[in-house]
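Presented below, as structure tokens, is a lone chain in the form predicted alone.
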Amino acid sequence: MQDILFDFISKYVSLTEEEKNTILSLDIFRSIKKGTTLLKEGQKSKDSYFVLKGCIRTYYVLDGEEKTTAFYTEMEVLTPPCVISKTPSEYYVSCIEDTILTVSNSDMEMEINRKFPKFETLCKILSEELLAKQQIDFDEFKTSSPEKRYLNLIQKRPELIQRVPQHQLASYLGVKPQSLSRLRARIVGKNKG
């Protein structure tokens, strides 16, 4: 698993053996079973997650109903807002597949950044990329019909269609599960015709 992480990091900065060994000494790799909740509403946390394999999702529970806001798959990072604001979490984070991830916290990251300034550069680049991606996703969501959102999902993240339970996908797209079924049937019908 560390090779996956090091390959990813090397796209941005080169690592010395000492830096690699320092990362390994942190004991950040975790194998988590499908269905495990990593963070609950109302819980405080310092943990950030980097998905090496698997899928995690964020969701709110509103009036007893889960509202999925995001899915994080391979090579994606999640730092819940509660980590930065140091307040209780407003949402849940859970694994929808058996997942292997790195779990780090702000204390650990500050220590690494102090020892190896290039990690600060890496974090800055990744943060900027993530912010830009989230802004584009948000804008597309706000300006698109459910059908357009689904087509965007097929184009940009087709693997989610197979990996994510239908009711969670529907929630993420902002529709009811039965509406998603109709939507899919309509799109398949158009493609056949």
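Counting begins at 1, following the sequence as shown. What you see is a predicted model, and the numbers here were worked out from it, not measured in a lab.
Below: the form predicted in complex with a further copy of the same chain, not depicted.
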Met75 within 4.5 Å of a further copy of the same chain in the predicted bound form, heavy atoms: no
Using a 4.5 Å heavy atom cut-off, state whether Tyr91 contacts a further copy of the same chain in the predicted bound form. yes
Report yes if any heavy atom of Thr102 sits within 4.5 Å of a heavy atom of a further copy of the same chain in the predicted bound form; otherwise report no. no
Quick one: is Cys123 in contact with a further copy of the same chain in the predicted bound form, heavy atoms, 4.5 Å cut-off? yes
Could you tell me which of 60-68, 25-33, 159-167, 38-46 sits within 4.5 Å of a further copy of the same chain in the predicted bound form, going by non-hydrogen atoms? 60-68
Could you tell me if all three of Met1, Ser10 and Phe116 have a heavy atom no more than 4.5 Å from a further copy of the same chain in the predicted bound form? no
Do any residues of 119-137 have a non-hydrogen atom within 4.5 angstroms of a further copy of the same chain in the predicted bound form? If so, which ones, in sequence order? Glu120, Thr121, Cys123, Lys124, Ser127, Glu128, Glu129, Leu130, Leu131, Ala132, Gln134, Gln135, Ile136, Asp137
